[in-house]
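In the block that follows, a single chain appears as structure tokens, in the form predicted on its own.
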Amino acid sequence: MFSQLKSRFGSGLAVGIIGMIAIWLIGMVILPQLLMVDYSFRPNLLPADIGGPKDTYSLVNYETLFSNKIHLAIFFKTIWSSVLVTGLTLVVSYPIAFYLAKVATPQKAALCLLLLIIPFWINEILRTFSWYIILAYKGPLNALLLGLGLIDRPIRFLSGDGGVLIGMVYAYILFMIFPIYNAIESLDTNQIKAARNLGAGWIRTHWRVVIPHAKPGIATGCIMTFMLAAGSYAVPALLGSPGSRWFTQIIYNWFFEGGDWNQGAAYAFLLLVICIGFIALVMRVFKVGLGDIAK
């Protein structure tokens, strides 16, 4: 990396760029995570007791999660729902990415990309709230379904996890589309034509030619979408119901309402471990390395 920056910007600027990246990683990523881990193993004490005999390392904060059946159920539901969001987003994003990369003309592709990007110029909370209006009991979606005669009475889309799943797929779809689009765009179109000329159908062509080539992009999109979904707060807070709480909402409550940063740190660290495990699993399933994902 340094040699590439050096050849492009010169030694001085390359050292400055590497230095700023290192400062950002250490100050904004590594040190906060280490501090969170340290907090998670220590009890929540009064300022006067910090550093005293009561300030010892233990697993009490982690035992709280496994002894609280409600929190544990929400934890597993969050992980499962994040996997489901990732899968749904992949199903929706793959055809769009393939169309943009190999079917659409450059002008149409540019227009479609612009239409995809424009809504994301708006704050995430406002975009999520727009789905709250659309999915409301007396919202436009129910009005449309009633007008078409598809339903007899309005549906409560926001009474379960359905609204949260829809909102998350919409909120994070670009993080899936762009990596897959970049991967498919680099595929030689002649390979697709050759597969078709040899009698392969579209499903077999995608399964044997396109998807293997797009594996790094698919893996990157799945990792980014899962981590964003698992760590989301705004979407479940706005589109969820009291019975569809997300694990991040519990973490927020520990930090900002319960005032127990140590317990919140333990919950957050467990969520981080799950996310790291998901990254390792995706890399193993798609047989890609960090270098492939970085491309």
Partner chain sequence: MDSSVHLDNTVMQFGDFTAIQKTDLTIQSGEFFSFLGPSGCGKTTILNMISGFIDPTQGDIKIGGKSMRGVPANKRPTSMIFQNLALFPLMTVAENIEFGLEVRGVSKSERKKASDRLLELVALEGSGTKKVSELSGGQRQRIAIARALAVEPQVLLLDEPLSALDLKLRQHMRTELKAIQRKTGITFIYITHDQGEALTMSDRVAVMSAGRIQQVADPITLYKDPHTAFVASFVGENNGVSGKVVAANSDLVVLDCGPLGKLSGRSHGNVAVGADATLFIRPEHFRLQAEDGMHTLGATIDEVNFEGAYLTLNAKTPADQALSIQLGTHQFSESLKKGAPVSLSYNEQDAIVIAGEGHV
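Residue numbers count along the first chain shown, from 1. Everything numeric here is computed off the predicted structure, so don't read it as measured data.
The protein also exists as the form predicted together with the partner chain; that form is not presented, and the subsequent description refers to it.
Asker: Can you tell me which of 201 to 209, 163 to 171, 149 to 157, 88 to 96 lies within 4.5 Å of the partner chain in the model of the complex, counting heavy atoms only?
Answerer: In short, 201 to 209.
Asker: Only one of H213, K77, H71, K102 gets a heavy atom within 4.5 Å of the partner chain in the model of the complex. Which one?
Answerer: Only one listed residue qualifies here, and that residue is H213.
Asker: Taking the partner chain in the model of the complex as the reference, which of I184, M224, A195, L135 has a non-hydrogen atom within 4.5 Å?
Answerer: In short, A195.
Asker: Hey, in the model of the complex, does Q191 get a heavy atom within 4.5 angstroms of the partner chain?
Answerer: Yes, Q191 lies within 4.5 Å of the partner chain in the model of the complex.
Asker: Check each residue of 247 to 273 against the partner chain in the model of the complex and list those with a heavy atom within 4.5 Å, in sequence order.
Answerer: Contacts from 247 to 273: none.
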